[in-house]
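First comes one chain, alone, set out as structure tokens in the form predicted on its own.
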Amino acid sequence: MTGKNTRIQREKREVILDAALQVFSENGFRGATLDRIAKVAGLSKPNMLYYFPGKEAIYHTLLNRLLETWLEPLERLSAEGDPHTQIMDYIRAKLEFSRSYPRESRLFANEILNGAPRLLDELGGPLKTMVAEKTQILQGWMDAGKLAPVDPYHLLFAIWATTQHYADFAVQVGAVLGDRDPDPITTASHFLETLFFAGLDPR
């Protein structure tokens, strides 16, 4: 599609993307088909292809949106703020992402597990650049004695691993916890604050 989209066209695109997100997150790129996406979207395949030229284009659109959303909380990490507050704000944002966007998180995980063939440029570009900037902030706090000295890259990896777990392994979390914890995201926030700052407290 070219030119300015009408409201109806924008709405149709969103319907297609939402259906594709469901199909891709459940089946991965290889297992997803245009026929299945069209069926979930409630559209004919030719109608869907009016909005996107193919499966690759739909998938790339979803991945690019996801990366923008995924990077936004990290972008807010500021050297001007208090380290404890800044890091916890980031952890809570990542946990809320797991709560609100579990399909997007699983889509990203599937892509990474398959070698990220459609995301390598973005991972080695915008993500790598931003991580380099934010690890300098973390390192600056450590050098100033505001955080215990740890590897700032692995600190971010640990945050990603512990927060995204609640989306990527939601079925396992639910099965293990059962009725014991109706709000594991909030519980996780309190736990992760204790976990991380027991190790990051410079005292």
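As the structure is a computational prediction, the values presented were derived from the model and not from experiment. In this text, residue numbers run from 1 along the sequence as written.
Beyond what is shown, the protein has a form predicted in complex with a further copy of the same chain; the following relates to that form.
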query	finding
Joint contact, Ile8, Lys12 and Ser98 to a further copy of the same chain in the predicted complex, by non-hydrogen atom at 4.5 Å	no
Partner-contacting position among Ile137, Val40, Leu34, Val150 - heavy atom within 4.5 Å of a further copy of the same chain in the predicted complex	Val150
Heavy atom of Leu155 within 4.5 Å of a further copy of the same chain in the predicted complex	yes
Contact test in the predicted complex: Arg65 vs a further copy of the same chain, heavy atoms, 4.5 Å	no
Leu17 within 4.5 Å of a further copy of the same chain in the predicted complex, heavy atoms	no
Touches a further copy of the same chain in the predicted complex: Gly145 (any heavy atom, 4.5 Å)	yes
Heavy atom within 4.5 Å of a further copy of the same chain in the predicted complex - qualifying residues of 112 to 132	Ile112, Leu113, Asn114, Gly115, Ala116, Leu120, Leu123, Gly124, Leu127, Lys128, Val131
